[in-house]
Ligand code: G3H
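Okay, so here's just one chain, in structure tokens, the form predicted on its own.
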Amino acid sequence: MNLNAIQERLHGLFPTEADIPEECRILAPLHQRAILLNGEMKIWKGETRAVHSPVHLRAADGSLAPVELGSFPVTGTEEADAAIAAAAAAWDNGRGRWPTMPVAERIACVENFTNQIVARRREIVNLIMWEIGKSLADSEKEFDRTIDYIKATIAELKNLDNANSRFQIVDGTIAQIRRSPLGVVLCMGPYNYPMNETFTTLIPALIMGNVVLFKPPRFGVLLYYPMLEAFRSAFPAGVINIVYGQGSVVVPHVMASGKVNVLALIGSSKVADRLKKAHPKTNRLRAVLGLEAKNAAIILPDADVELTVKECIAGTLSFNGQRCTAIKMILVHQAIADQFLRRFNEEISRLKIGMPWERGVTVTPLPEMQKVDYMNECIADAVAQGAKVLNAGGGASVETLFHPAVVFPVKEGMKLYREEQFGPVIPVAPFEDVETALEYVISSDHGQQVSIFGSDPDQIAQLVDPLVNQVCRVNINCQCQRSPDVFPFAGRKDSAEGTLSVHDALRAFSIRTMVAAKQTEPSKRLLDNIVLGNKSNFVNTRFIL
């Protein structure tokens, strides 16, 4: 099939309005004019920005036009200052209602919020699908996984608080050690998991007693509109405030205020570096960062080809490869390269390309045209330096729909060798000496995960030992991924700062704090009086099971 035929086929995959299932339709554009500030819905009358879906509609004449989803406020530094002031007042130097509230009451607020957004699941899922082009099945999975994460966080906090609900006596000192909030958290999530990844920082930050300034991702803004009332009614005024506007303007402004205690960002290392430097007192700033990655798959000569192909397909192309945990470089031993690539290309040719609501779809429209341009740029660069696109139709595109491309052989000096492509282009490089594959990971600026495919326990063990000192997760005969959420999610080098998991996130957004007294009778009586009289929310022995 020639390029024109492939592009014609891709063009025909975009729907007419009549093709869209009734239950998935956007009945009317959602023009958001409300901003949540200091517990109130403020009506915005200023500049707005239109939101268009990566899904295009095909008109009778064959022309394509993106679906208009709505618009949202474009606020400026004045509104950012109001959000900072509201958060600072709610924190009140640690004296605010939220940071001093009993753990059980904070949990009840989070549960209230959760119940409210569960009631709007269908609306939120539909917006995820339309805003970023994620398949309906994966959009549903993202919502449900987020709810599961919230429930697991609540359970973990109960365990943590119960374990700390006792006094310790060491060397004549009585102490109670608990975890206290850090202050004002600036929370920013990514567009590829606009709900789930955002909530893996936002929920732990909130439930530990911090107050939050939340900047929605650039794609995935409208999906938060159905949650605004839940945020407003479930939490005290000022505990969560939402910042809109141009990120490059309002976010550095917020950081420059010096009032942010924690930067929680899922994004790029360059942005994280700039934001940290914008803070006037960096020694007071804690950073919880999930950054870029260039995860490699190392395929050894004795790998099970069918299993390897299956895992590498999922690892490279789940949500179009737009995952920080995606496999973004395949290193295959020369002895098995031809066999692997033949089967890999066969399976790619069987993948369903189409619209996100279609059952069984794998490849869907990309959220931005710039990403399509970048994919083409990467392919052209590799081809110019001697690589080839191996699969039929690889790299063909129409508007936001991009046919996956397998590029081989990729080598040092090509963009695809080191840059994180974050899309459906799959670079493959051969190796003869396993040391070459190991050196690729060692020399990388990123250190999140790696996958090893093989069956020789001695060779795999010899690879595991150095690799665990380069990345934070080594996957054996399976793709790179984040789940289960109870496992630590971290990275070395430029890939992360801090560790996220249900367990670790609660600790990332808090600090161990203790109340201590000498082991004397007057001290015992004083502490007994505080505890038995329920006079302190910190010094207590209550259990919340």
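This structure is a prediction, so every number in the text was calculated from the model and none was measured. Residue positions are given as counts along the sequence shown, with the first one as 1.
One more form of this protein, predicted in complex with the ligand, exists but is not displayed; see below.
**Student:** Would Gln481 count as a contact of the ligand in the predicted bound form, using a 4.5 angstroms cut-off between non-hydrogen atoms?
**Tutor:** Because a heavy atom of Gln481 falls inside 4.5 Å of the ligand in the predicted bound form, the answer is yes.
**Student:** Mark Trp91 yes when one of its heavy atoms lies within 4.5 Å of a heavy atom of the ligand in the predicted bound form, and no otherwise.
**Tutor:** Output for Trp91 is no: heavy atoms all beyond 4.5 Å of the ligand.
**Student:** Using a 4.5 Å heavy atom cut-off, state whether Tyr193 contacts the ligand in the predicted bound form.
**Tutor:** Yes.
**Student:** Could you tell me if His333 has a non-hydrogen atom within 4.5 Å of the ligand in the predicted bound form?
**Tutor:** Output for His333 is no: heavy atoms all beyond 4.5 Å of the ligand.
**Student:** Where, among 323-331, 164-172, 305-313, 213-221, do residues come within 4.5 Å of the ligand in the predicted bound form by heavy atom distance?
**Tutor:** Looking at the partner contacts, the answer comes out as 323-331.
**Student:** Which residue among Glu79, Glu197, Glu142, Glu131 has a heavy atom within 4.5 angstroms of the ligand in the predicted bound form?
**Tutor:** Answer to the contact question: Glu197.
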